[in-house]
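First, one chain by itself: the form predicted alone, in structure tokens.
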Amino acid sequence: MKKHLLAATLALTTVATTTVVADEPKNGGTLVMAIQTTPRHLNPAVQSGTATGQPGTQLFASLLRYDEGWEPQPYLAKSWEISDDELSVTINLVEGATFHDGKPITSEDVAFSIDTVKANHPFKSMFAPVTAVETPDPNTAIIKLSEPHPALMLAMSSQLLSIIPKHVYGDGQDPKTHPQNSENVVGSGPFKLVEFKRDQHIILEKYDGYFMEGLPHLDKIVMRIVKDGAARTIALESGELQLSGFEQEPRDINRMKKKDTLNVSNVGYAAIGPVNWLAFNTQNGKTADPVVRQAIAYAVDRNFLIKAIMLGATEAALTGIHPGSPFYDATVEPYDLDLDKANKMLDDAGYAKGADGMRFPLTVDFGWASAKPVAEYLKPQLKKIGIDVTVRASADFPTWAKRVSNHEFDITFDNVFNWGDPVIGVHRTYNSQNIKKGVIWSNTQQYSNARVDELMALAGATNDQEARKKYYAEFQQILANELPLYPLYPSPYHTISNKMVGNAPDSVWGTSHPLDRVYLK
């Protein structure tokens, strides 16, 4: 048996870090932090997204936790082993852990949680190879697999595998609409729910029976729901708020960097892996031609967008895999600005300019306000290569999502999360089996390539890290050539914390990570 899987599975990479002598953590106090969206509910086992994930990772513990170097760490699982054939993973639970109602957390709850996530969570690939979870004793869970599953360890961390109580959610009600998803939540994590007031706040308090000795340090966390970025910035500067994660407005970030009472950090969020791109309809209209897609890419000045619109707060993303991932391949064709080349490509492909200088029209869609500048940039920029762009705003996000998921678009600005391992958040965008009309953030480009499907299958069925890197390198080279989407840049997620906050989260999950080690100086 191989202990801890650190070498065998997702010891993805080791990131060099600087050791800093920190203050001795203090116990007590109330942390006031911001979240940007009202969650549908508080149970991450049946709901994706960071709105649920930030409070959910405080209420529910996972089996593992990840540090800033992509290394899995013990959490509810004190240790783990993988069988020699890599088809069995044995989880050894900590002894004495309890839910917030005092009942013990057992292997039966682990099995129930995995089954619930597998059946109800949007990310079906996370536990697809799991065939069974055996429970030989209360502190041992044995996960059986149909094939090696390199994303398994990451899928057992943070908000992706909340351990929920079988005695609550196994009552026959639909777990997606269970009343205790939002009220009287019986969690397994460091904090328990006091109050969830929609569009106002979520109040959490320390769970005295938490299984990690000496933790959490804080007595209480007040998560204020502050949707307006400018309002969050003012509150952080004044000290009214002490912490906010997932901040991505460049102007606000650059402004807060100048405030000597604040720490502004872009460390973390690599597992969230948000990448912004221009997605093309690869089956209908002019964008079905890869030459058109490539010419558009050469006409777009990614560096201008990063400097002028993102104000230097982010970096280039050359592929749909986040630059913070160990699988990222920076050697692909970057499609740096080259208008002459773009025009020649379209000329050679037979797209002649008319008397008005235009070759053909295209629509560009966007679904939220921050995407508007990029969409509007495309109109004058693509005019330079003879493409007449109409920018289409949607009345709201659901309107945009319906249009794009039903393939009624030419080009759209989009933002999609990697969720740590490509198996979880990348494959869905390119897999030909995932062309699902009406489902947003699936393969809405309708892209199909048999070799790409094969490479994803190979990379998703081995724990050999070097082999996976090789498969994903070829995968990214093909996609850079066929260009079902043109990657632009990662969302510039930052954590803003008052300097009185100690141990502000810096894991690959950002603030979708337990805050049990955070303290007030």
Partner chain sequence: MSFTQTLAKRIGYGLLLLIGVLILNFTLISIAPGDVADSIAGDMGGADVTVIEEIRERYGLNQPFHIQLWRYVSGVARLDLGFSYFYNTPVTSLILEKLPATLLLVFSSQILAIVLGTLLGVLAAKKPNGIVSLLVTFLSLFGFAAPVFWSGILLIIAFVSIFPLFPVGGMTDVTVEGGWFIQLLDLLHHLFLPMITLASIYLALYSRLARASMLEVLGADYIRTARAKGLPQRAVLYKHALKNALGPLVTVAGLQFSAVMSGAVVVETVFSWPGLGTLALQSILARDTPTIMGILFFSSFVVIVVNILTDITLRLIDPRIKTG
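Computed from a predicted model, the values in this text were never measured in an experiment. Residue numbers count along the first chain shown, from 1.
Keep in mind the form predicted in complex with the partner chain is missing from the figure; the text below concerns it.
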Counting non-hydrogen atoms within 4.5 angstroms of the partner chain in the predicted complex, say which of Ala132, Ala393, Ala231, Val94 makes the cut.
-> Ala231
Residue (of Lys286, Lys206, Lys166, His201) lying close to the partner chain in the predicted complex, criterion heavy atoms within 4.5 Å = His201
Does any heavy atom of Asp174 come within 4.5 Å of a heavy atom of the partner chain in the predicted complex?
-> yes
Counting only non-hydrogen atoms and a 4.5 angstroms cut-off, does Trp419 reach the partner chain in the predicted complex?
-> yes
Spell out, yes or no, whether the shortest heavy atom distance between Leu455 and the partner chain in the predicted complex is within 4.5 Å.
-> no
Taking heavy atoms only, is Glu376 within 4.5 angstroms of the partner chain in the predicted complex?
-> no
Does each of Val264, Thr363 and Asp506 have at least one heavy atom within 4.5 Å of the partner chain in the predicted complex?
-> no
Tell me the stretch among 384-392, 98-106, 337-345, 397-405 that has any heavy atom within 4.5 angstroms of the partner chain in the predicted complex.
-> 397-405
Contacts with the partner chain in the predicted complex, stretch 466-489 (heavy atom within 4.5 Å) = none
